[in-house]
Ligand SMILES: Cc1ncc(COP(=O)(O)O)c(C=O)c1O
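Listed next as structure tokens is one chain, alone, in the form predicted alone.
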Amino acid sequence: MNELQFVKEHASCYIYDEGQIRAQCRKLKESLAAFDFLYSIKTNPFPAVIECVGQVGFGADAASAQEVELSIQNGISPENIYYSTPGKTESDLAQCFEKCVLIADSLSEIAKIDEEAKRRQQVIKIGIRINPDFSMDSDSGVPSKFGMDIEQVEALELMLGACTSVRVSGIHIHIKSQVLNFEKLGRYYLKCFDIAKRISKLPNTSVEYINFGSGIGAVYDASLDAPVDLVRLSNMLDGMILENQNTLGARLYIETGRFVTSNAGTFYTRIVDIKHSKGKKYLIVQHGMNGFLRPALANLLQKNAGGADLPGQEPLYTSNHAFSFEVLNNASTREFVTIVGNLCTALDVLGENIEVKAAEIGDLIAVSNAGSYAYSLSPLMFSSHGLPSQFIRRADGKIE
């Protein structure tokens, strides 16, 4: 069965390309050889994708207890799973104890972990997440629900001094995703390293790893965006890498964010009706925003901004040009249409006044860049329609 026939039988569905995912992983490993990488499970938690990135040697950045479990179930070992999110409950911590590296997000969370370790009569190594005194774009920090303010370092020192069952073994900082400017990323990593050196002087602390978070952006439209220059980024960090080797000796991590999966996914949905209304042609598809939310959000924000491109509101919105639409037929003519879903809301619009091949009922539409923040971010239960399926295309072309 060829792929088009497979899609006809299984739409609405997502297909993720294993070969492209592995190729993106190789780019990171070859260009940034001094670093290790954590796959951001939240970007695409499909088990076959997690298994794929685990096989190339990546660890996991988990944002929930369930993502910790998913990582283990799909072949990632506990010492390579880093669990970082605000608001972990006592139940979360108990469930994940010894299944991952716990990253404390607050002073009170350090105390919770200390109590759980005492209960188990153990001493546990943890990481701490820091909210720095800078942003990706300036030398000033911003309030955040993530991490402990670096200005709270004295309170952190007192807390660590009072704890008997936790030892800090690393730090985590993350402040922005989807950055394409290598110089901006490089400056950010250098500042993070300075914080790591400062934290290493605290009691009960040795910085064995630094998680710089994500940041490396994916290219959504090659005609408008240039990819991050990974080689120049690496060269910019040579001094920091050498200093780390001579001082902390820490393992250096970067979270992959959507870099390895975004372009590797396609969403396919079927045109179930076509209608004309007051001079506008509508293609009504089987799953709109309840299959792939992000194009609908991009359309909504663009419409309300008068067509202007807005700063990214990640991960819900990246830009107005983040997705392309293709009608899968052999038509030689093209037309302008509005692609909508079948939900009972006027907001269910994937693309408005876009040019595609002339379509007929029953044709398929392919939507690009559906490998990250797609299936898992969409309101799949809206109106209780059936769910789209998910598949992976293996390197040999087999879809499973």
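No experiment lies behind these values; they were computed from the predicted model shown. Numbering starts at 1 and follows the sequence shown.
In what follows, reference is made to the form predicted together with the ligand, a form of this protein that is not presented.
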property: Residue contact check: residue 178 to the ligand in the model of the complex, 4.5 Å heavy atom; result: yes
property: 4.5 Å heavy atom contact, residue 286 and the ligand in the model of the complex; result: no
property: Exercise: residue 114 in contact with the ligand in the model of the complex, heavy atom 4.5 Å; result: no
property: Close approach of residue 214 to the ligand in the model of the complex, 4.5 Å, heavy atom; result: yes
property: Proximity to the ligand in the model of the complex (heavy atom, within 4.5 Å), stretch among 39-47, 65-73, 353-361, 337-345; result: 39-47
property: Residue among 265, 291, 295, 257 with a heavy atom within 4.5 Å of the ligand in the model of the complex; result: 257
property: Residues within stretch 125-154 having a non-hydrogen atom within 4.5 Å of the ligand in the model of the complex; result: 129
